[in-house]
Ligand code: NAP
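Take a look at this one chain, the form predicted alone, written out in structure tokens.
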Amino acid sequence: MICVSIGRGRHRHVIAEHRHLADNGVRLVELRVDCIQGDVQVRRLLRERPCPVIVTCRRPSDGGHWDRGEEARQLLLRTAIAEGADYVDLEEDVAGDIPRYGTTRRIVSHHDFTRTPADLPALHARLAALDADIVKIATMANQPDDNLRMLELVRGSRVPTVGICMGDIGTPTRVLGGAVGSPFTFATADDDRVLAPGQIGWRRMRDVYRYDSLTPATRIFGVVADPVAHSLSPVVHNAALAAAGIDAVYLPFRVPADHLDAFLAHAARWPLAGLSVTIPHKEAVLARCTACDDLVRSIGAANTVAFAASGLVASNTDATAAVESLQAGMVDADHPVKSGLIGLKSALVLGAGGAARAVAFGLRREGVEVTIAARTLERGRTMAAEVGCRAVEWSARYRLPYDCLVNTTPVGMHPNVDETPFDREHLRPYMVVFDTVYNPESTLLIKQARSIGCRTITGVDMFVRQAAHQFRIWHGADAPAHVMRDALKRATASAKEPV
């Protein structure tokens, strides 16, 4: 079950939001009364409540806003119990001073905003001993293994336990809690109004991650990166899983570079079934893989890992997706291209990162002469030597004409939508312009290229194609590409809506 936290400053706003959430299917809310300005009217908040509530009043030391003294806070909690609140949240240091009364269930909680303690079982035992109906432990995740320790604690607990790791690294615990036996997880009414680090909006928990349908049998996939919060891969893959009726979930795993080896070594403890791999892990992941496809061997980088009985199998779907996107973009309705990049002889690739490497290799395999232009010339030269092409300084990108221009840099990505990596005056109508940025789909580069008659290919096409290939590798079936595309476009459109 998803418990939605309400943290508003006025009683009428709390009550209105509570009704709205209940009308939309929410079955439990947390009333963060420490956020209410002035005297808290507990009876008014609980009277005619449309669904059960947890009453919580947090001190600043526990991540809250209460500033009116500890005696007044404990009196408020006692009043909530006397008024018949469904649950009341009591921190470890006060739970022994506030006795059980009536039907109110006791949540005994502990919060640590700096770390996840080494001995979680001992902490849990202390909390459970304080007459707890439910134990809640919320700690900061500093490494991916903190998530595993927390999930394993919840799975093995006899007392119902809500175990959450906070921060970007801790996101998996928020999504997988129910699957390991947690009575509920916490979410916000809106993605932009978080009350604790790493909280997720309840609609995303319900619609993207399908929280209430996850079970111990649900297979776990995800994207491993650092940073990872911006990734839209969970939106795309979870939409495809739902449409295909596959019992699996796709999560964002923030894994710092120095923790990748340990994360992969402990894959069976999740257990993981497959991963998308992106910055900064595309090359480093190969050290743990036991097999790889031809593209990975050529490129020296992977964006996809499948977990097989024989070990980790690495693939690269970026290069294939880039070539397919170009092929599709060059098809003329009256004169369709049957195969290859017919008519494309030269290409300028902007950037020297993982995407540039994959695109450049894909183009070279099709016989296209490739030139790399990167802001750091040395990186461009290194990649060019590996790919078998040439590199030029960033300032020299305009000197020669090219049949195709491919942008693999983040220039033009939301929110910097007024930027372009290639000035309009240097575009030519005969050019094919391919921008791998997908948010927004119509970047300034794409808009300007279209305005002078260039053929254009957007990052949405490549993103969906590479994700569809990953889906096929992991699930042995064709992906619902139209579902993936629609989910991506909705996500990028909503990201730009004013809050």
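Quick caveat: nothing in here was measured; it's all calculated off a predicted structure. Position 1 is the first residue in the sequence shown; the rest follow in order.
Quick note: we don't show the form predicted together with the ligand, though the next part is all about it.
J.: Could you tell me which one of G170, G163, G354, P252 places a heavy atom within 4.5 Å of the ligand in the predicted bound form?
T.: The option sitting close enough to the partner is G354.
J.: Within 4.5 Å of the ligand in the predicted bound form, heavy atoms considered, which of R155, R105, R219, R379?
T.: Selected option: R379.
J.: Does R428 make contact with the ligand in the predicted bound form, using a 4.5 Å heavy atom cut-off?
T.: Flag for R428 set to no.
J.: Is F463 part of the interface with the ligand in the predicted bound form - any heavy atom within 4.5 Å?
T.: Although the ligand is absent here, F463 would touch it in the predicted bound form, with heavy atoms inside 4.5 Å.
J.: Taking 4.5 angstroms as the cut-off for heavy atoms, does S315 touch the ligand in the predicted bound form?
T.: Flag for S315 set to no.
J.: How about T436 - does it come within 4.5 Å of the ligand in the predicted bound form, if we only consider non-hydrogen atoms?
T.: So T436 counts as contacting the ligand.
J.: To test your reading of this chain, name the stretch in 77-85, 141-149, 259-267, 344-352 whose heavy atoms come within 4.5 Å of the ligand in the predicted bound form.
T.: Flagged stretch: 344-352.
J.: Please tell me whether the candidate spot formed by T185, A187 and G198 is one where all three residues come within 4.5 Å of the ligand in the predicted bound form (heavy atoms).
T.: No.
J.: Scan 382-405 and note down the residues that get a heavy atom within 4.5 Å of the ligand in the predicted bound form; none is a fine answer too.
T.: Counting only heavy atoms within 4.5 Å of the ligand in the predicted bound form, the single contacting residue of 382-405 is W394.
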